[in-house]
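Shown here is one chain on its own, the form predicted alone, set out as structure tokens.
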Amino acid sequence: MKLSLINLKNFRNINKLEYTPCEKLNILSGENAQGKTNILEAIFALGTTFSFRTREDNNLVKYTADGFSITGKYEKENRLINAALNFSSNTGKIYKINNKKTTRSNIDRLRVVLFTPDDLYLIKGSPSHRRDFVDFILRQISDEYVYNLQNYAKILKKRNLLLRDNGVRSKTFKIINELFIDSAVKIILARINFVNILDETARQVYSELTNERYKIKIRYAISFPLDNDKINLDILTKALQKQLINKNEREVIRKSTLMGPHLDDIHVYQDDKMARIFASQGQQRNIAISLKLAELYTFKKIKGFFPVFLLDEVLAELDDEKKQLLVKHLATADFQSFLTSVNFGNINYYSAKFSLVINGHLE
């Protein structure tokens, strides 16, 4: 998947902008608050219909306007696709692909993987950060996963409400429990399958990006014990059923669901030691970058094509050697990437397309 053109109008600090990127690495440079991240944000929104910095669409509108427009062209599996995202305070948000009104679940939508400075804390951050990391890419890979995740959230909310209202002995709670188990195990199995592929890919990427002897390993951590080393839907179902019975009294006391995919984690190891505890801060950053790149390659293995890679101000946290290794990887990869940075230092950016952003304009 390659973005060939994007047009912005009244988006953030951008009055009007037309950008024609190259098929490999595209570098957006400039001082802070000039609009580099706004361009990445627009590309992200064109594929997802929302921003990665705010959920309020009004915040994306240039202060002198009453709406914004993002249009783009991209190639997906040798087909040229047009997409448009328009918003105004009067008509709301309208998303179109090939001139037809649609939703963000459209199979021809632009797929993206995003890396922001917050992702540098992917390793040492909370489990919810790592769950979000897996969920975001699985949402782009599988519409079935989107449905299961949304369904699980609704069932979990109802189950917790019954626990708070002392309704665990009701027929409703029994039905909700069955639905909860069915939904939970589907999400867990999808995540495990994805993490297994991610693990294999991340090892190769980490070795290339760091030139270090360390090896990394990724494992999915379920929030309840299993009696079997093998994992399938039946085994997960029986294990969760058993643990819900065992934890029933505790859940009644806590008035909350104490197990399930909303409490699972993804454990990352460096040389068989937990990376969030034993890896240095620099090593944790390198692992985080490797995971994001592995996300791209795993997507390709599953879907057959690459998403577009967006990297916002990542180089500032890396030393010159790691900067050079990352830029080299991006410049020679088969996927398209967009990288923003205030200062690149003395590194070779190869054949990347270099653009300077000044006050919402490309120079």
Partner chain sequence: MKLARPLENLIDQLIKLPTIGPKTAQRLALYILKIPEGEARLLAQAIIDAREKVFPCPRCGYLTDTDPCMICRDVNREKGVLCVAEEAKDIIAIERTGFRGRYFVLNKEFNLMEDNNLEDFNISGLRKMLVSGEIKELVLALNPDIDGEVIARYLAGIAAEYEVKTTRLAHGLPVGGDIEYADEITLRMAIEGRKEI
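Numbering follows the first chain given and starts at 1. Predicted, not measured: the structure shown is a model, and the values here were computed from it. In this text, the rigid core denotes the largest set of C-alpha atoms whose superposition between the two forms falls within 1.5 Å.
Missing here is the form predicted in complex with the partner chain; even so, the following discussion is about that form.
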| Should the three residues Glu77, Leu85 and Thr103 be counted as contacting the partner chain in the predicted bound form, with contact defined as a heavy atom within 4.5 Å for each? | no
| note | Only one of 238 to 246, 117 to 125, 162 to 170, 280 to 288 sits within 4.5 Å of the partner chain in the predicted bound form by heavy atom distance, namely 162 to 170
| query | Can any non-hydrogen atom of Val195 be found within 4.5 angstroms of the partner chain in the predicted bound form? | reply | no
| request: Find out whether any non-hydrogen atom of Ser89 is located within 4.5 angstroms of the partner chain in the predicted bound form, and reply yes or no. | output: no
| said: Taking the partner chain as it sits in the predicted bound form, is Asp108 near enough to touch it, meaning that at least one heavy atom pair lies within 4.5 angstroms? | reply: no
| 4.5 Å heavy atom contact, Glu212 and the partner chain in the predicted bound form | no
| request: Only one of Leu226, Val252, Leu258, Leu179 comes within 4.5 Å of the partner chain in the predicted bound form by heavy atoms, so just point that one out. | output: Leu179
| said: Looking at Asp132, Asp271, Asp143, Asp234 here, can you tell me which has any non-hydrogen atom within 4.5 angstroms of the partner chain in the predicted bound form? | reply: Asp143
| Does superposing the core leave Lys186 with a CA shift of 2 Å or more between this form and the one not shown? | yes
| query | If we fit on the core, is the Cα of Lys292 displaced 2 Å or more between this form and the one not shown? | reply | no
| Taking the rigid core as the frame, does Leu209 move its C-alpha by 2 Å or more between this form and the one not shown? | no
